[in-house]
Every structure is written in structure tokens, then in C-alpha cells.
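Only one chain comes next, encoded as C-alpha cells, the form predicted alone.
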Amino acid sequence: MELCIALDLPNIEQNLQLLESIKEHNNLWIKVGFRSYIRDGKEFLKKIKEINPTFKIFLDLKLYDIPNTMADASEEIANLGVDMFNVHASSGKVAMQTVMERLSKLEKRPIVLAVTALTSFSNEEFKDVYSQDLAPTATKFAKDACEAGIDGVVCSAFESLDIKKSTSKEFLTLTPGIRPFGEDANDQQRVATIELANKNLVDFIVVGRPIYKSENPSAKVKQILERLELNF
């Protein structure tokens, strides 16, 4: 299981300060979302690699459009040199297949994940949008993504094991909303601990607030990495 840190701070200076404070830790995944990328652009991605070249970038833009537009955008994302990005599984199997067919023509491509259900959704809210219960629909979306050639999905830790059983153990799962030491859930509905994520065979855990709100982010990262090692 690998640690991915969410860069969700209000400005580029704070994000870079956080990265500087944790740069002693190699091979971390760094999640760059809408706010940071729209505000700071591709130059920000370069700055991340300058701070520590072993940092791996997950560009979290959740593409959702018609198939050809998604494929065009995916190719541009790959050209940025990021290590992982995501699309919405509810964009449909054809759209996901089109993305993967386009990326297969590249010499090197990023890992591609599909979002099943946002972790801010409760079952009731999900049902209001999709007219179906969350858990079985998330698994169906994951199966569609797997059949389309996608590498894995973004899901909650609670769905990860069923998704692995319905696809394969090699099909990746990344789970946001991890609260490693019992921190507040905030705006997330389906939060989980490291232990639960490990039990459900999660491949990547995303941790944001517990790290960047800590008085000593590097020590918090070290503590999380040590906890991850204990689970194996």
C-alpha cells in the first residue's frame, strides 16, 4: 500500500512549503487537484519534481466528456509527464476504451484510474443522482472500467474488496478520505482507517488534512509510513 498526499492548500506558496517540509521522504505520491492545477498550472507540476524528483504526481481532474474529447485531454495530460490521472467511470465504457486506445499509442503512459463514486456521497445522495444504491453501482462501474482497459479505480475503502473480487487483485484501488489516527471526517462520508484499507486490499491511500494541518507534517508522514509497514 502506497501513500498519496493531497495538496489542497489555499495557495501555491503553502503547497510548496508543505512539499519542502516532507521532501526527505522519497517515492511519495502527490495528488494535485482542480484548485491547485487551475490556479498554478503545469509549472507547478515541474516545481513538485524539482523539490524531490522521486515524488510521483497524481493529477486528479476526473475527466468526464464525450469519448474523443476525453481521449484528447488524456493525451495532453500524458504529455505533461504526470504518473497517474483519473476519469469518471460513469462517462461510460466506450469513453474509457477510447482513452486507453489513444494512450496505448504513446511510448510511455501514466496509470489511469476511474472514479466510481465520490467519497463525499452518502448512499442516499448517490441514489438521488444515479437512481441506484452506491455499493453495487460502484462495483459495476469498476467492472466496466476493468473491461475497458483502465488500470484501476478511485473508490472508498469499503468498496475495495468487492471490486477486487469482481475484477482481479491486480486491478488497482485508490481510496480518498483516509483518517489514519481517528481524525475528523470533515466533508467526507465514507472515511476509513489504514487498517481497514489494508484489510480491503487498497493499493493507494490518500491523506490530506491529517498531514497538512499537522504542526509537523514530516513527522506525521513518517508515522503513517511506519503504520503502513506494520500492516505487511
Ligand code: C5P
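Numbering starts at 1 and runs along the sequence shown. Just so it is clear, the model here is predicted, and its values are computed rather than measured.
Keep in mind the form predicted in complex with cytidine-5'-monophosphate is missing from the figure; the text below concerns it.
- Using a 4.5 Å heavy atom cutoff, 179, 206 and 209 all lie near cytidine-5'-monophosphate in the model of the complex.
- Stretch 171-179 is the contacting one of 194-202, 22-30, 171-179, 45-53, since its residues have non-hydrogen atoms within 4.5 Å of cytidine-5'-monophosphate in the model of the complex.
- Note on the partner interface in the model of the complex: the residue among 74, 119, 98, 91 having a heavy atom within 4.5 angstroms of cytidine-5'-monophosphate is 119.
- Contact annotation: residue 6 falls within 4.5 Å of cytidine-5'-monophosphate in the model of the complex, judged by heavy atom distances.
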